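Before any questions on binding or motion, here is one chain by itself as structure tokens, the form predicted alone.
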């Protein structure tokens, strides 16, 4: 079986229970999460062979993160145990009109010192069909950026499909820093997960033209990106926030020759973290064997994201049948097993 490989940081997640703020609690709920780790876990649950590449400290925290990944059948055999610190983030869950808050403590984590030459990427990529990375990973350090760019170059030479999720976080880097790095990797990208903000502001593909609505503007801006780079598809979601516990989502896909937009679906939320990663995993799940089924991939990705919001923790841990049954309850039955 051809595997899906992801590269990134898995972090220790600490959250006060019962929607409390940090100063109200003496207890923190513990789990692990991170963008590319979430994608690897979700795709493993969907039946794929996945490998996660990272660097973790050689202590109980690092080994507990390995145990977490192994419990979902993610291949961790090439993870390096080196360094002293694991990345940590504190999550205060929002409720009603109060939004969730995230505090990062990851500046000097073991992953920020990852080195390309310490991994056998020739072997790691040998039977890889798909490689996924995100902007969150690129934001962490110059050494991480150098390593990821080298891996992308090697993967491109081997004909591996490369997907990239902008996943911009202003707490991690500036728009200018993101622009400088992302323009270096876009020539290697086949599938892009992006918003209008990502393409217009971070990539810098702006326009002075006026439009009747947002859909017309998005189509115009996305066409610029598709014409500039060898990107097959741009996928994304649009979120409407009614409260911290009730949102709606729709999804879209663009190529040079078409666009498709789903309906908007409103839902309740248990845990919003990882919703975007679930969308990515749902899209990859459908495209990896049928690259032309972009509409089916968009639908399945959207509902994978929606149902993830009902699950505690960072990753969607449902099998395909559970997601399809959920789609059918909402009357969306275009995706088949």
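Residue numbers count along the first chain shown, from 1. Just so it is clear, the model here is predicted, and its values are computed rather than measured.
Missing here is the form predicted together with a further copy of the same chain; even so, the following discussion is about that form.
Enquirer: Is a further copy of the same chain in the model of the complex near all of 3, 141 and 187, within 4.5 Å of a heavy atom of each?
Expert: No, the candidate spot makes no contact with a further copy of the same chain.
Enquirer: From the list 265, 229, 173, 90, which entry has a heavy atom within 4.5 Å of a further copy of the same chain in the model of the complex?
Expert: The residue from 265, 229, 173, 90 that makes the contact is 90.
Enquirer: Of 201-209, 254-262, 97-105, 217-225, which is the one stretch near a further copy of the same chain in the model of the complex, taking non-hydrogen atoms within 4.5 angstroms as near?
Expert: Of the stretches listed, the one contacting the partner is 97-105.
Enquirer: In the model of the complex, does residue 197 come within 4.5 Å of a further copy of the same chain, counting heavy atoms only?
Expert: Outside the cut-off, so no.
Enquirer: So in the model of the complex, does any heavy atom of residue 310 sit within 4.5 Å of a further copy of the same chain?
Expert: Judged by the heavy-atom cut-off of 4.5 Å, residue 310 is in contact with a further copy of the same chain in the model of the complex.
Enquirer: With the cut-off set at 4.5 Å between non-hydrogen atoms, does residue 322 touch a further copy of the same chain in the model of the complex?
Expert: Answer yes; at least one heavy atom of residue 322 falls within 4.5 Å of a further copy of the same chain in the model of the complex.
Enquirer: Test of understanding: in the model of the complex, would residue 245 fall inside 4.5 Å of a further copy of the same chain by heavy atoms?
Expert: Residue-level check for residue 245: yes, a contact with a further copy of the same chain.
Enquirer: What residues of 56-90, in sequence order, lie within 4.5 Å of a further copy of the same chain in the model of the complex by heavy atom?
Expert: Residues within 4.5 Å: 59, 60, 61, 63, 64, 67, 70, 71, 72, 73, 84, 85, 86, 88, 90.
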